[in-house]
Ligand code: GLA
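Just one chain follows, in the form predicted on its own, and it is written as structure tokens.
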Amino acid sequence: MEEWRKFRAPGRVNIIGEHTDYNDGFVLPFSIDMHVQVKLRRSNSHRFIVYSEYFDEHFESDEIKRTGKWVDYIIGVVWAFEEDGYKVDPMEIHVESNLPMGVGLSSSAALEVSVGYGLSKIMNYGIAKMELVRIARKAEVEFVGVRCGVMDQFTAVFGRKDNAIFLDTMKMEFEYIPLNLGEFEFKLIDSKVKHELSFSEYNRRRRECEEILKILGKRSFRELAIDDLKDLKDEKLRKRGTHVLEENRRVLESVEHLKRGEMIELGRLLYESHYSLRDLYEVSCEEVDFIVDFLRECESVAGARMVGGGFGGGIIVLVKKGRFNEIFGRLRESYRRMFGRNLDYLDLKSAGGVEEVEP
């Protein structure tokens, strides 16, 4: 029996630039030291043998077809490989993860990238990093059916420890920005809520953005200025477009503040981003707004905002070192009284991108 080989890809947190990556915009994520890990070897029986300790599930199949379950992210990568002319031998795949789901850390992209990187290595294809990004995203968009942007897969592949990635998703050009946070650090609060409309509303926002471009006769938001949105008769569409254009501006400003170590200014932009997501893009929710509003009253917190698709999930917090635990204790008690839920949080430490590790 062939020996196992083990590969892992990180999750990511996006400092700022929400709902911009599928609009040819700018984003500023960094990869984190929580990973999806996969062990791979050729199978002597079924086309796919997949086992996950995380889900405590076992799956076997000889067909490349959708199941409606989490294994579609794996099957989709094999499908994308073969769609592009890369034959894939039958594989046995074991999945492990310490990356929480549902808080905006992109566990699906980490799974896709770790599997794709492993297949490339085992099959000796030597697929380039940018090609791996494209294949992993193709699996999610065309096979699984989630119309995501490119940020998640890109960060899982290109992540670098102690750096954020300033990515132009239209030109696919990027720059590493050192995470020089000074006396501050990032935390992630898990609201422990995920409203059911998150997926449908995400796709609706994409359609609304496409409608804006169609009405205004443009191919990309990068061809638009704020004044152009005055030609939209629909107030809702004006709101959506305003968020996208202003969020791009915030990313550009955030990059400069991060380069100069200006954490108070960076934090201000995090708050601006959240309230734009709440009021203009309308993808927040009562629980997340409560958390951000609470943190804004705390002197040691420079900034906070929702992360991910919206309607629950995680909140990134830029806070002075050594002050978070006391703040979180008070917040947790207030949140429990208001919503009857217990909060949790994660330390956010940076990490490198996808890699092979000792099995």
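These numbers were taken from a predicted model, which means no experiment stands behind them. When you see a residue number, it is the position in the sequence shown, counting from 1.
Although it is not shown, the form predicted together with this ligand is what the next lines describe.
Exactly one listed residue, out of Cys148, Val157, Val255, Ile165, brings a non-hydrogen atom to within 4.5 Å of this ligand in the model of the complex: Cys148. Gly17 belongs to the set of residues with a heavy atom inside 4.5 Å of this ligand in the model of the complex. Contact check for Asp21: a non-hydrogen atom falls within 4.5 Å of this ligand in the model of the complex. Looking at Tyr202, you'd find a heavy atom of it within 4.5 angstroms of this ligand in the model of the complex. Annotated contact segment (heavy atom within 4.5 Å of this ligand in the model of the complex): 149-157, selected among 267-275, 215-223, 115-123, 149-157. Residues Gly308, Gly309 of 280-315 are found to place at least one heavy atom within 4.5 Å of this ligand in the model of the complex.
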